[in-house]
Every structure is written in C-alpha cells, then in structure tokens.
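Take a look at this single chain, the form predicted on its own, given in structure tokens.
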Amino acid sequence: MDLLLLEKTLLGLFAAAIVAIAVSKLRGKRFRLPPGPLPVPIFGNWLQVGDDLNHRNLTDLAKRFGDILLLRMGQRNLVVVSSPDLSKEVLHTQGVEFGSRTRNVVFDIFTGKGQDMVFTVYGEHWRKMRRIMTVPFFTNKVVQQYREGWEAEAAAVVEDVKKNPAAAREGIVLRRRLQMMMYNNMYRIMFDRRFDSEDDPLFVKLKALNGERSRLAQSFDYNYGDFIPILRPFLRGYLKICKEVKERRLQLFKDYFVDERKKLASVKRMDNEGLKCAMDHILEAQQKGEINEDNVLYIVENINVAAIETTLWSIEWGIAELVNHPQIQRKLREEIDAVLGPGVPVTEPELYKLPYLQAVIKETLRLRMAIPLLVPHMNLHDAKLGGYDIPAESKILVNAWWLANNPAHWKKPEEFRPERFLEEEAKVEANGNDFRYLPFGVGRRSCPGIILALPILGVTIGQLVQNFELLPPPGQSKLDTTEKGGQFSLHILKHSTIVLKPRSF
C-alpha cells in the first residue's frame, strides 16, 4: 500500500512539475509579479524558506526583496506586505478587494470551511455573522454591563495569590490562574457562566481541548501538505486528529453550554424575563433562521480562541516585561498610587486617568504583538498592489510586527519603553489611527475584540502591579522571554514562574 502511494505521489509530482512550468511561463507573460526568491517547479520557494513563516523570518525576507514580496509556496501564492502605505492599501483603500480570508487544510476543519466569522470569505455570510456578534459582544454597552465582573475576576486573582504562601517565596506560574480569569471573563458574557476552581472537571476538559486545537492549528508541521496538495495523503493521520478534536470541542460546547442556555432561555421567556447574555441573542438569531446551529457553535469556537487566548498572551507578555523592567514597574505603581490612592482598586472607569498604564499596554502590544501577521487576507479576483499584479486567491500577510518594530519608523524599537507613547508617539492609538501600529488590524476585517481586550488588560495588569511587587524566581535576574510563533500567533515559549510579594497599604 505504501509503495502504491509512493508511486502515485511521484507520478503526481512529475505531472505537477509540467503544469507548474507551463503556468509559470504563461503567468510571466501576463503578470508583473512582486519580487521574491526564484521559485522552482512544484515546490516554489518552500525548500528555500521552509515551513516557519514567522514574523521575524518574513522581516528578513522583506529586507532583501522590499516592502512587497511574493513567495510561491507550492501551489499557493503568498504576498508579504511590510510598509504602512501598502498596509493601508490592503486594509483600507482596497479593503473590499483584499477583504476575504484564506484558510488552510487545518483551519478548514476547525471552522467548517468558513462557517464562522473570522475565517469566512468577504460577503453576505460575513456581514451577517459580524452583525449578529457585534451587539452581544463588541459594544460600549457590553463593556459597561460586564466591567464590574472583570474587575471582580481580577480582584479574585489577587486574593487567591495572597492566600498562596508559595507565591511570595519561590513563586508560581501565574498564567494558570489568569487563564481561568480569562475564561470567566468571556464565559460570563457568552453564557452567564463562570468556573469556581482550576480543578473544575468541565474547565479542565474545556481548557485541554482548546489547547489541543491551538497546538494543532498553529503548528507549521502541516504546511507541506497545504502547499503541495499531492503530498496531502501523508497528512491523513494529522488531519484525522484535527477532525476528532474539532468534533469533541463542538460537542462539548453544545452539550454543556449551548443546550443548557437554550433550556434556561426558554424558561426565562415563559417567565417574561429579558435576555441576559450573548448566547441568548445568538440563539434568537438562529430561531429567526438567520444562522444555523453549526454557525452558533462556530461563533463559540471563535470566542474561545480569538477572545480568550490572544488577550491571555498579551497579559502574560505585559507581566513578563514588567518583571524584567523593574524601574518601569515601579513607575507604573507610583502612578496608580498617586492618582487613585494606595489600595484603591484599579477599575475600568479610572483607566483614562492612568496614562502610563495605557502606555505600558500599548508598548506590550507593539513589541509583543499577539497576532504579528494579523489574520491573513485574500483577494478573490486578480488585483493590483504597489504597482504589481496580485493573482486571484493569493494569501496576503501584513507584517504588523515589523510595521511597529522597524527602526526607520520607530526610535530604538527593540527596547521596551512605554514612554514613547507619552512623548514622540503620543497620538498613536491601538485602534489603527496610524498604519505603523496595527495590533488589532484596521478596516472591515479588523479585530472587534479591541473593545474588550484593552479594558481587561488595563484592569488586570493594573491590579496586579498595585497589589504586588512582581519579581523573577530566586536565583534568576530575568524571565525567559523567548518567543514561540505559530501560523498567526506570538506567545511566550515558557510559562514563567513569578514571585509576587504582597504590598502593605
């Protein structure tokens, strides 16, 4: 059987080589393509650049080939954009032309081939899903409705750490407790639910399945089968695991959360009570026939990944940078004490009074951008960009990390220096008002979660710095901030042990 598969693969590769050479010659006559390394038949540039298409490797390529470059990854065209002007063209000026999403073999599995909001193509389905998700999740009204809950969750983290004597001595892996906090923040909005303990069996199961989904989706290990379809049979085992994880996750969402909310919602309607959480609104849209049950489950899938994980990564990066820069941590603590008063909790309404805290968050999102290449864009039809022809269905990557870390545009970008957002870059905001700084993207396909992420980041980091001195573990002078990149993500490789010494007020 293996020999037969090998024989078919070799024949397929030979046929693909002939087709690739012919197509390449035809396209060379028709298109003025962006510069890039010389591709070879079948493999394109894959053998030259490898699978690991992270923000730093793509930055190195941009330094060689320019602000727009083309990589032929097997049968896929990948266009990398690395300048503010070209980013504006992709995300804003030609936002419709480049407004679709490209997926890969694994994301097709986890999103039901784009039945969600994040990875669906630009069109009627995306507009409908965006509208249905905006009202219950992404408005100022939602922030005001749930901000006291977020403040309570951050305060609960503070109290749990104070009760743990190990935290002040050898230190703890704070991320574990922050992870439950983030689940509670979002599950309050989604289902009016929360978890009381990290040992809750349902929370443990949910966290494990989401973690496995993230590992499988973010890995570069499956790229070869995505780039070169003839090699896809070798991915059968990998894709089988992805399908099993996807089915188990969606079933868990359905059995323990969506169906439970359906029962509660029906009782509340009988009692003439109002709608209470996001899922009530989403289920109402399903009852009206606007979306189906699969769409409901994929909305839950999106929130579990896009809202929980990315914000958690940013909190973890922010804390690590504050541990490694004690003078910045001290300056932030002094601001909080001076503005609010010692021991007065940091709350959402007071965040605007704390400019240095806001600058710390902006600087974290600049240097340690959670989605450094943004979520990939795609043009459904042939398009023009920067004077070049972009073939239809090209994957467009905006290297947002390099936009925010290019020394041509930023003073000493390698330094963690929040002061830059109070001095030379005082007018730069995270909402995309400056195309050098796009942590949440901008335009039609920007991340709507910015309205939730910024206050959660402010309240959480503010309360931790206010209540504790954050230190590396005994015997270490700094935390290890080695990066781990994925298909889209940037998170810290090692979840650090942190010493948290309580302050006395």
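In this text, residue numbers run from 1 along the sequence as written. Note that the structure is predicted; figures quoted are calculated from it, not measured.
Only in words, not in the display: the form predicted in complex with protoporphyrin IX containing FE, which the text now covers.
- Across the proposed site, 62, 218 and 490 without exception lack any heavy atom within 4.5 Å of protoporphyrin IX containing FE in the predicted complex.
- When you look in the predicted complex, the only residue of 282, 250, 303, 167 with a non-hydrogen atom within 4.5 Å of protoporphyrin IX containing FE is 303.
- Checked against protoporphyrin IX containing FE in the predicted complex, the residues 403, 91, 79, 360 give one hit for a heavy atom within 4.5 Å, which is 91.
- Of the candidate stretches 473-481, 449-457, 33-41, 52-60, only 449-457 has residues with heavy atoms within 4.5 Å of protoporphyrin IX containing FE in the predicted complex.
- Taking the partner from the other structure, protoporphyrin IX containing FE in the predicted complex has a heavy atom within 4.5 Å of a heavy atom of residue 311.
- Residue contact with protoporphyrin IX containing FE in the predicted complex: residue 130 places a heavy atom within 4.5 Å of it.
- Shown alone here, residue 390 lies farther than 4.5 Å from protoporphyrin IX containing FE in the predicted complex, counting heavy atoms only.
- Not displayed here, protoporphyrin IX containing FE is kept clear of residue 264 by more than 4.5 Å at the level of heavy atoms in the predicted complex.
- Taking protoporphyrin IX containing FE as it sits in the predicted complex, the stretch 93-116 comes within 4.5 angstroms of it through a non-hydrogen atom at just one residue, 101.
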